[in-house]
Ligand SMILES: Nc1ncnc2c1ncn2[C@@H]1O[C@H](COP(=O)(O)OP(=O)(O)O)[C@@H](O)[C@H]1O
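First, one chain by itself: the form predicted alone, in C-alpha cells.
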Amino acid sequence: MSGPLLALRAVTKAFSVPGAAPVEVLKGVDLDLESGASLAIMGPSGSGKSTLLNLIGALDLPDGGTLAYKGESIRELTEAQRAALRNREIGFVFQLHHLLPQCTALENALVPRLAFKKKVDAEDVKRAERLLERVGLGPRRDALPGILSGGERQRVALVRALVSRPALLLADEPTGSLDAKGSREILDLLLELVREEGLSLITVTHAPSVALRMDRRMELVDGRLRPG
C-alpha cells in the first residue's frame, strides 16, 4: 500500500435540528494517519470528536469531502462493503464495554467473528483464547460479564476489538469509566497490544495523560483539527 492508511480531506458533517438550521459539526477536517502510528484527538465536549470517529470507522458517512482508507473512498462503498470493512479492518473500543451479559468472556470476544462468518472455527477460538491469556483473563474465559470487574470487562472489550486482526483500532475514551489505577493498566495494555499487533491507533480522550502517550496529538476546535 502506498500513501497513508487513512486520509481525510475537507470532511464535513451536519445534523438536522427540528425547527432550526442544521448544526454543522465538522467544517472541513483534514487528516493523514500512517500505518503503525498512534494519534490522540482532544477537544471540548460537543466538539464532534465521536462524530469524527464514527466517520473514520465507517459507521456513518460524511456530507462532504473525501475519506479514504487504504486509498479507497469509504463514501463509494455499499453498506455491505462498509460493514465488511468495519469487521475485517477496524477494531472499536468504547468507554462502556457493551458486552453481551448472557455470553461468557470468550463468547463476547468471538462476536465479531460470528458477525462476519456466522460460525467460528478452531483458529478463531485459539486466537481469542490467546488474547484473553495475554490480557490476564485466561482463567476467566468462561465468566459472564456480571461477575467481572470494570477493568476485566474492558479487557474483554479490547480482546473483542483485536480478534479479527484489524489494521486500525479506534478507541473512544477507553479509560473513561475506570479509576486511576485501572485507567493506567488498560492504557498500558492497549499500547502494548497495539505495538505487538502492528496496528494504527486513534483515541478520543479528555485526559492529557492519555494523549501524551500517543505519537501525535490533535485538537478538534470549531469543526477543524489542529495540532494539539
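One-based numbering along the sequence shown. Predicted model, so just to flag it, every value in this text is computed and none were measured.
The protein also exists as the form predicted together with the ligand; that form is not presented, and the subsequent description refers to it.
Residue among 164, 38, 47, 183 with a heavy atom within 4.5 Å of the ligand in the model of the complex: Looking at 164, 38, 47, 183 one by one, just 47 meets the 4.5 Å heavy-atom criterion.
Heavy atoms within 4.5 Å of the ligand in the model of the complex: which stretch among 29-37, 62-70, 191-199, 47-55? Going through the listed ranges, the match is 47-55.
Exercise: residue 211 in contact with the ligand in the model of the complex, heavy atom 4.5 Å: Flag for residue 211 set to no.
Heavy atoms within 4.5 Å of the ligand in the model of the complex: does residue 218 have any? It does not: once the ligand is placed as it appears in the model of the complex, residue 218 has no heavy atom within 4.5 Å of it.
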